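Form predicted alone, single chain, as structure tokens, below.
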């Protein structure tokens, strides 16, 4: 059977997912001797938490004293010694608070000669909610929703969330003292900043209360929660180790693209900005390749990654990757031989069951521009059979964008 460009795009994305497998990442960077510790507590949060926990159980087995990981609803896996607590994402919920309280208690009971092994992956900021003293969850939920809606990037969002929390911004590591703290991290943040990934519960915090206030002011967010902002630790004895990242996933995707016969260029793993604008830039590059062979002669593949933002303007349903795909589809409408995929490596894009979308020159049609204006990319792409639905992938290293341009003719 002859594979289509769509098949190729999906295969390239799958190669990125395989490279971002959390269990393999944990095994690759494993350097822990359980005999060195009296008790071992495993804690953490994130969409990849279940898969990371499975790898840890295989390594430590009965040496695990106790363990609890907060994960997104549905992102579970069979475990024997580490408990999974399902909770809300991207807006935190009461289940997340209860889990965070128990995680804090586990860390606090660790003592001299013990190890607290922390597993952090994308989504941990929302999945590890422990509001500042006297701050209600409802107030923190409101701030989170406003930050999501205004187009704040992850650095800005987490600067606020860290200073409204009792567990983020190095505070979990402080709870665990004097125990040894080692954190294995699957990065979903541009630049792999340790204090930003999952809001850095075991990392020294480079941001300040004034930084958090500046973010609220920048986006005109008025909230009573501002009076609960407090400073976070600026030093930490914890060892924070990045075991997987977007760049590693993109490198594997590029290797797959070359094996499929495409001249391939990895643009960057640091793509950010307003989603629809970034998508149109990718579409413009695709048209340029088709017309002039710049910067690559077809068959060509451009690969990029990162995390863009969506400013909500309408009441529709979608996510940043679906919006990327829809905006790109409009700009390549009617052009043959171009396929563009944009997907989240976690398998969930916004509050939907889709990872993203894959489009070509025939995807554009009546209603596309209105759908984009209404942020209703899910509905439109679904009507054009252009959604990519993977289910939970149990990993998260930001997004992958694939642009394929075939030869003319």
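Quantities reported herein were computed from a predicted structural model and do not represent experimental measurements. Numbering follows the first chain given and starts at 1.
There is another form of the same protein, the form predicted in complex with another copy of the chain; it is not shown, and what comes next is about it.
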>> Given the stretches 126-134, 98-106, 289-297, 196-204, which is the single one in contact with another copy of the chain in the predicted bound form, using a heavy atom cutoff of 4.5 Å?
In response: 289-297
> Quick one: of 157, 143, 265, 84, which gets a non-hydrogen atom within 4.5 angstroms of another copy of the chain in the predicted bound form?
Replying inline: 265
>> Considering non-hydrogen atoms and a 4.5 Å limit, which listed residue (190, 150, 174, 216) is close to another copy of the chain in the predicted bound form?
In response: 190
> Do residue 273 and another copy of the chain share at least one heavy atom pair within 4.5 Å in the predicted bound form?
Replying inline: yes
>> Although the partner isn't part of this model, could you tell me whether residue 282 comes within 4.5 Å of another copy of the chain in the predicted bound form, counting any heavy atom of the residue?
In response: yes
> Using heavy atoms and a 4.5 Å limit, would one call residue 277 a contact residue for another copy of the chain in the predicted bound form?
Replying inline: yes
> Is residue 369 close to another copy of the chain in the predicted bound form, meaning a heavy atom pair under 4.5 Å apart or at it?
Replying inline: yes
